[in-house]
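What follows is a single chain, given as structure tokens, in the form predicted alone.
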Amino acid sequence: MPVGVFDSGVGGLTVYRELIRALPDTDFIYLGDTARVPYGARSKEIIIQYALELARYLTENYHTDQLVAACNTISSCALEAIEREFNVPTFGVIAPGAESAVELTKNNRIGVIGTLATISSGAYKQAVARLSGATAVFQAACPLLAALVEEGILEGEIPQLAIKMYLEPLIDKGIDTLILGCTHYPLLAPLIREIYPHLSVTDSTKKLIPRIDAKVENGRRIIMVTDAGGGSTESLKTRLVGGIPLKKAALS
């Protein structure tokens, strides 16, 4: 049975891409809720409602036996609700991202950037504290960055200015490691590294992959979005997944 991967939009395709690269024989199905993106400024109750709908669609229609919430907002607000509702192993991206950062930091000063919901939840601070009580965590909500990625604006003056606006206060705190606390942000990682070459920039994928129960299947790939839309996001999706055809899903 396939692994279900879901996100509020196309950002989770960064996680999906690494999963299918690392586990080529395992079946994966991706569902992105592009009709209702972004989730980051919504209430916790709405995020939980939407996340349960996505997980239910995958488990009922595709009989997924593992779920990956490839979204930091969902992972920080709704993971426990998903785990209670569905009797399948469910993996978020917060704990793997925190684990990677704790291993990388040399001065025990970690920065986290994410959506307002992720940052407000304090999930990364809690996850890092469980691993290393001596490590300080400094956070910044970055509402513009996911929108830039959704529009495929990954280079040039506009994303540079946005990155500097959000990260400078963290740099002033002396961080040496930055957690990309939104699955959209790895698309901006090259630009972040160009601006701040001294930073170790990390996300969840390296530590998430070993958590998945890899199976020898058909290597089936299905990608669905709740609203196929058009424009620049279509080319972004194609770059992310190497031209894998998109399919459209309608949530009931």
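All residue numbers refer to positions in the sequence shown, first residue = 1. Note that the structure is a prediction, hence the values are computed from the model and not measured.
The form predicted in complex with D-glutamic acid (DGL) is left out here; the points below concern that form.
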| property | result |
| --- | --- |
| Proximity of residue 187 to D-glutamic acid (DGL) in the model of the complex, heavy atoms at 4.5 Å | no |
| 4.5 Å heavy atom contact, residue 110 to D-glutamic acid (DGL) in the model of the complex | no |
| Distance check, residue 39 to D-glutamic acid (DGL) in the model of the complex, heavy atom within 4.5 Å | yes |
| Contact test in the model of the complex: residue 71 vs D-glutamic acid (DGL), heavy atoms, 4.5 Å | yes |
| The unique member of 98, 182, 123, 142 whose heavy atoms fall within 4.5 Å of D-glutamic acid (DGL) in the model of the complex | 182 |
| Residue stretch of 114-122, 169-177, 80-88, 133-141 approaching D-glutamic acid (DGL) in the model of the complex, non-hydrogen atom distance within 4.5 Å | 114-122 |
| Sequence-ordered residues of 1-23 touching D-glutamic acid (DGL) in the model of the complex, heavy atom within 4.5 Å | 7, 8 |
